[in-house]
Each structure stands twice: as structure tokens, then as C-alpha cells.
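The data below hold one chain only, encoded as C-alpha cells and taken in the form predicted alone.
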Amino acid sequence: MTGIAHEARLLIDGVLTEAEGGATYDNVNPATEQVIGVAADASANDVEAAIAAARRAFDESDWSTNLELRVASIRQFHAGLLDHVDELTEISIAEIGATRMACSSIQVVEPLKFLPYYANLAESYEWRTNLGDADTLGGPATRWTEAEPVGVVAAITPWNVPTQINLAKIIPALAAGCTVILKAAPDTPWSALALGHVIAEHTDIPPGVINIITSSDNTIGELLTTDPRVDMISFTGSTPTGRRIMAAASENVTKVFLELGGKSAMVVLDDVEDLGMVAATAAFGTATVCGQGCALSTRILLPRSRYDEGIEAIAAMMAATPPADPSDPGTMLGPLINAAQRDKVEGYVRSALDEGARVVCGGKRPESMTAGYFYEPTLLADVTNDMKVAQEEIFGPVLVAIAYDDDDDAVRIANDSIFGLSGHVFSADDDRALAVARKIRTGTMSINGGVWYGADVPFGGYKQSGIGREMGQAGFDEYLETKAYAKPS
């Protein structure tokens, strides 16, 4: 790997810089368990410098009011990223264990589309809305509203699809006129630091507008969630962590956007003609990011009349997607991110067996692989919705199969969850599938394999899957405040 793949420095106040004292930590390849390099290990003082820079850039520069500069800078950033797609791909394979196949879509290539989308949206956005004249308590008045950036944004991101989520946060925030501190997950520092390199070398973004922090200390993000100079916290991660961030933000009544966990249901109705397509969708979803995706459908609901048939089809498809070297173009399933995550997945599978479920396929580490945090794609049958594996987010290549009686029972089971992030419904009848989908309380739904993902589609959840929406215009509006004006008419 060359170029930005070796970027180990933070971006603070427009300068690529080492962490305080030159501190670094090891970056580990999850497919080999080998150290591939180092990343800057930011201190509390580094975070303080980043917050101060972002605050100063928002309060003292014209970034928040200069739409032309913001649009031009985002387009420069896009051009720079396009020049480094190959390097971003190699970074993703090396530090995430992302497959080359995933890098050609959700891990690298698709997220780059966020930049032109938000540049265009910012240019065409109705920043002012006229409300007309009215007789008010103070007499005739002309009223209008204007949209303004919320201010300094702390963006705290996870390791599963880092380029996707990093860009989904920082680009709409920058387009809206905010300044940003991006705090990346410890396991995937290079994906974030590469963005800092491109910003510093290829754009006219002023100093302090975007700052990028990496650290081996997970708790360092708490400095961002409690600092009164931060106007908004945008967080993607687990629901337990989201609860803690929400509590911390309440001290300063800081605005929060939270995209949290999921336990999405794939509902297969009894009239489905092609169980092969269902099985392929289920297996592909389990393989995608090794099951480490909050929006993946990890519960499959099968009618009792076709339960055994469905289990057989899914197991056969899963067996055809074994874990392998993620750098191989033909690999669909790579490793889990680290040993702790693999241990967690193994613990969930053990708990399922203890509660009466059975392993149809997988359920163990691949015997042929002596290194890497790999785990076989696993199908658990005879699961009931009250089991731990049906209620909690496993974040691994594990699919649980639950039997249901009729459409109403399927909806009841799908909604029997603290989460509500995504889901699928399959049926021979689109209208029937849509009727079921409309009863499921979740933020996104796929009907008969339709793909909702795109820069212009808002993404977020109901219930404990989060607050607010990311991507689309709704994701842009998250970073704006609305100010109302009036003058005598």
C-alpha cells in the first residue's frame, strides 16, 4: 500500500499532526491478526485542540455563511477521494477485513456518491421560506424563516462500515455550514485519517472546519459529549452506548442524532414462489460485513407450513458462502473485527443452544483457518422470539429462524423488539407484502428484494434504534436550525 494508506496523523486545525508526544497505537488486520502499521493515539489535549479549532472556525470564519466555498470544497474533496479509491479499498480490506466485493459497493464506492449529492442539495436548498404577511399582535408584519447551521458537530463513528458512516456524517454537516470533529473507532483509524489527508492536500476547506481524531481509548469520545462548546453530537453505534451519550448530552441540552442497534426481521409470507431468492438474500445479508451491520435482517420469519423448506434452502445458500481471505475478489464473507467480537458471537450461539435452539449450519470457527477472527455463517433454527439471540444484536454472521402462524402473527413477532431499524417482506403479491410492511414499525423496508440504500434515501430507526435520520434531505436537515423573522409590513 502507498500514499494515503500510510497516513497516521491526526487532522487538527488544518494541519496533519502527530498525537501529543508522538503517541501511536497498533493497527491490526483482522484476517491475519498481524500488525499492519500504527495510527496516532490522541490524548485529551488533542481533543481539546480539535474542539477549540472547530469552535473558532465556526465563530470567526465565514464557513457557515459562504455557501459557494462549501460547495466548491466538497467537490474538491470528492475529486480527491476518487483519485484514491484503490488506496481506500486496500485500507478497508486491511483494517476492517472488508471483502473486495464489499469495497466496490457499500464500504468505499457507494459512499463517495454522498459528496456530489450534498453539494447539489446545498446549492438548491431553500434556505429562506417566506410565510407572507399577517395581522399580528404588534400589527401587520412580514414573516419568514431561515435555515442556519447548528454549529460545532461531534461525529462519533463505528468500525463496521467506517468510510460510509464517516462520510454520511461529515458531508451533510459541512454542506450545512457546520464545523466538525470526527472521532473514529479505534479499530479502523486509517479509514478516517485517509479522509484527513485528502482534505489537507486536495481542498480549500479552512483550518478548523474539519478535525479528525483517532485514539486507542474508547472513552476519549466522552470529552466530546460533555463539552459545552459542542452544539450537536452525531453518533452511530450500539444502543447501550447511545443511551449513555444521550444522558451525557442532557447536561448541556446538546442536540443528538443517534443511529443505534437493530434486530431487523425478514418476513417470508406463505405464498412466496421462489424460496431460492429469499435464501440468497438472507445468506448475502449475513455475509455482508460479516453480519456486523445494524440494518441487516438477522431474524427470518418463516410460515410454519414452509418452515423446513425455508431452513433447507437458507442453509444450502449459507454453506456456499464460507469465510475466506477478504482480499480475494471471489470472497463474500471476511472476518469479524477482533477477538472480542468473535468471543461475543460465540457466546450468543452457546446461549441459543442452552435455550433450546439448534445449529443447522456453522456455529463454529472454520477449522481450516489458523489465523484471523473468522466465524462460519450460522443458521439457528427452532428459535422463539423470547430467546436472547432473537432479542439482542449479535453483530456477527448469525441468522435466527422463527416460525409464525399467519400474517398478523408475523407482524406481532417482527414488532416484538426494542429495535426498529430495517426489514424485508417477501410475497408473491407486492400489495400483500406492502400491507405487512406498513404494519412493521421500522425505519426502512425492502419489498421483495428492493434496495432502499442510496445517498438520497433517509436512514434511521424507530424505538431504541435511534433518533433522527441520516442521508437524504432529512440527513441534511439534522444539521440545521430554523430561525423565524418578522418585520413590520
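Residue indices: 1-based, along the sequence shown. Keep in mind that what you see is a predicted model, and the values were worked out from it rather than measured.
From this point on, the text means the form predicted together with a small molecule, which you will not see here.
Within this chain, Ile165 lines the site of the small molecule in the model of the complex, having a heavy atom no more than 4.5 Å away. None of the heavy atoms of Ala50 is located within 4.5 Å of the small molecule in the model of the complex.
At a distance threshold of 4.5 angstroms between non-hydrogen atoms, Arg299 is out of contact with the small molecule in the model of the complex. Contact annotation for Glu393: at least one heavy atom lies within 4.5 Å of the small molecule in the model of the complex. Taken together, the three residues Ser104, Cys290 and Tyr453 all stay farther than 4.5 Å from the small molecule in the model of the complex, as judged by their closest heavy atom. This chain is drawn without the small molecule; in the model of the complex, the residue among Thr99, Ser191, Thr157, Thr179 with a heavy atom within 4.5 Å of it is Thr157. The single contact residue among Thr89, Thr225, Ser73, Thr331, judged by any heavy atom lying within 4.5 Å of the small molecule in the model of the complex, is Thr225. The candidate stretches are 300-308, 257-265, 380-388, 358-366, and the one lying within 4.5 Å of the small molecule in the model of the complex by heavy atoms is 257-265.
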